[in-house]
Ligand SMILES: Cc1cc2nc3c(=O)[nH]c(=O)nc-3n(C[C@H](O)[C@H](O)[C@H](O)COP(=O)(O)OP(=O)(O)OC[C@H]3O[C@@H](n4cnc5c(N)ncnc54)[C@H](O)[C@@H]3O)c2cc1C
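First comes one chain, alone, set out as structure tokens in the form predicted alone.
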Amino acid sequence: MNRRAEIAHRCLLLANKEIARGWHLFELEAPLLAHAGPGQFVHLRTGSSTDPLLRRPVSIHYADPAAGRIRLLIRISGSGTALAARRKAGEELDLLGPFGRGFPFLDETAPALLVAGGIGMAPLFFAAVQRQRAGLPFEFFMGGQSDALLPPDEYFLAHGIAPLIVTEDGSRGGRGLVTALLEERLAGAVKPLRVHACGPAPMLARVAELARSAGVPVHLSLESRMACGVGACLGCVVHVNVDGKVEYRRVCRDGPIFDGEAVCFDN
């Protein structure tokens, strides 16, 4: 049996709930995927035909091995995700995965700073729940364009999580970028700390810069368009610094989590 066949799953969609404008929370019966960790993802076939042809990578938002269920958080950003958002409870979804390397060091006792930009919240929420249940310290910073485009406070509080939120228009929390929260926190940091972040590339570049200046380890979850999701097409390569040399790495197979010190955002 080939590798692609081994990782294909038909999963029952138990619920599809819109938790914010354009944000859809899927709950799936998926016992063979429920062992996944924060930072891993699945490759979702969004429709039931060949249009759209390509699958979409979706971070695993939560996994419950005991119940054999996973949750996916999808934000509508194009035709594929819009099609996925129309799927109804009782349908079967075609998934490949779980793929990728998850966030490392989530079980260490040093405080973790979780920094999310927009839909980058999806894997970091999973990390936050995991640390919260283990009694490990963390702080959750989240940024977005506006209040209407972010999940409500109640969504987080239901899981015992209270993120510090800022929006670009000031409609929720402070006005500004989530990286400003991180900069302020790192300015008075008592080490050791570790930063985990997920969001758009400009945000991640700034996170890496701030962590480097503060001497704090940082791991980044990179976002990328993916055609195959298994490392064959090389369509999701990024530049990383390996022993002083710039090399290519595949987000789908070598990531999506990378050491922030190594990622070459200038390229």
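So that there is no doubt, residue numbering starts at 1 and follows the sequence shown. Computed from a predicted structure; not experimentally measured.
FYI, the form predicted together with this ligand isn't displayed, but the following is about it.
Taking the partner from elsewhere, residue 212 is found to have every heavy atom lying beyond 4.5 Å of this ligand in the predicted bound form. When this ligand is considered in the predicted bound form, residue 56 lines it closely, a heavy atom lying within 4.5 Å. Using a 4.5 angstroms limit between non-hydrogen atoms, residue 192 is distant from this ligand in the predicted bound form. Contact check for residue 106: no non-hydrogen atom falls within 4.5 Å of this ligand in the predicted bound form. In terms of contact with this ligand in the predicted bound form, the residue from 142, 95, 74, 113 that brings a heavy atom within 4.5 Å is 74. With the partner omitted from this view, the residue of 122, 128, 150, 165 that lies near this ligand in the predicted bound form is 122 [heavy atom within 4.5 Å].
Of the candidate stretches 204-212, 58-66, 238-246, 30-38, only 58-66 has residues with heavy atoms within 4.5 Å of this ligand in the predicted bound form.
Counting a residue when any of its non-hydrogen atoms is within 4.5 Å of this ligand in the predicted bound form, there are no hits in 197-214.
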